[in-house]
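First, one chain by itself in structure tokens, the form predicted alone.
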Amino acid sequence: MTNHNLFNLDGQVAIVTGASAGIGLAISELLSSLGAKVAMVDKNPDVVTQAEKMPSHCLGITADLSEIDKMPALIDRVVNTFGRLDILVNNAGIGILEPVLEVKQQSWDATLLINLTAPYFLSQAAGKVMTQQKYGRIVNIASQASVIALENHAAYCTSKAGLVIASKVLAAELGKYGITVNCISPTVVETELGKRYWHGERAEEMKAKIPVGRFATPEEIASAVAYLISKQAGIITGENMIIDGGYTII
């Protein structure tokens, strides 16, 4: 018998970063449609307006994730608003692309700060709440760049590979509290940010390397998140789900 409530999130509270557009917005929309109350976090103030359009009760929070010392306060605000915290999706990220011999320390530091340090310390702050509840789901959006080398992506690849191994350590230590921690590593996703770099001949050359012949959609990534945060995925932790149309298998 098919259980149509497998992914029901009624009564659950989620935080999604980078939520004003692209993958983060798609994730927020899906989680909200499944019944979750979503705290949508983004540096772009448009996130407040986006939150008002969601199917369920959502909260838009404008925040700069480079301010690591403010992570506990962000978690506290969500818990004080909704009463608990069940799900954290670290989606926000940046990509500053430079050839390896031209990478600037400023670019390197900024990339690791947003792509690795921020999600780690936000996971730490969320984990302290989840351990008290004896339940939680953390999903970190990494990249196929976490497992392969891409030209001009030295800092980006390093940040995403670091995010994957940090997630494994979090998973190992938090599992006994009923908390799972996983990564999703997409190929190029058809967002405005993705299209900014992957367009024209460059995009066609990349698609030719992908067995399915296309890029991913934000909705496909959101659906993977919905599975990993479901109770049915409680046995899955410390994994890196690569969603790349087969790019990394050949």
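Residue numbers run from 1 along the displayed sequence. Treat the numbers as computed from the prediction; the structure is a model and nothing was measured.
One more form of this protein should be noted, the form predicted together with a small molecule, which is absent from this view; the next part is about it.
> Only one of 127-135, 101-109, 174-182, 84-92 has heavy atoms within 4.5 Å of the small molecule in the model of the complex; I'd like to know which.
Within 4.5 Å of the partner lies stretch 84-92.
> Using a 4.5 Å cut on heavy atoms, which of 170, 114, 155, 78 is close to the small molecule in the model of the complex?
It is 114 that has a heavy atom within 4.5 Å of the partner.
> Using a 4.5 Å cut on heavy atoms, which of 188, 51, 222, 34 is close to the small molecule in the model of the complex?
Partner contact (heavy atom, 4.5 Å) among the options: 188.
> Is the gap between residue 20 and the small molecule in the model of the complex 4.5 Å or less for some heavy atom pair?
Residue-level check for residue 20: yes, a contact with the small molecule.
> Would residue 40 count as touching the small molecule in the model of the complex under a 4.5 Å heavy atom rule?
Output for residue 40 is no: heavy atoms all beyond 4.5 Å of the small molecule.
> Considering only heavy atoms, tell me if residue 58 and the small molecule come within 4.5 Å of each other in the model of the complex.
Residue 58: no, not in contact with the small molecule in the model of the complex.
> Does any heavy atom of residue 66 come within 4.5 Å of a heavy atom of the small molecule in the model of the complex?
Because a heavy atom of residue 66 falls inside 4.5 Å of the small molecule in the model of the complex, the answer is yes.
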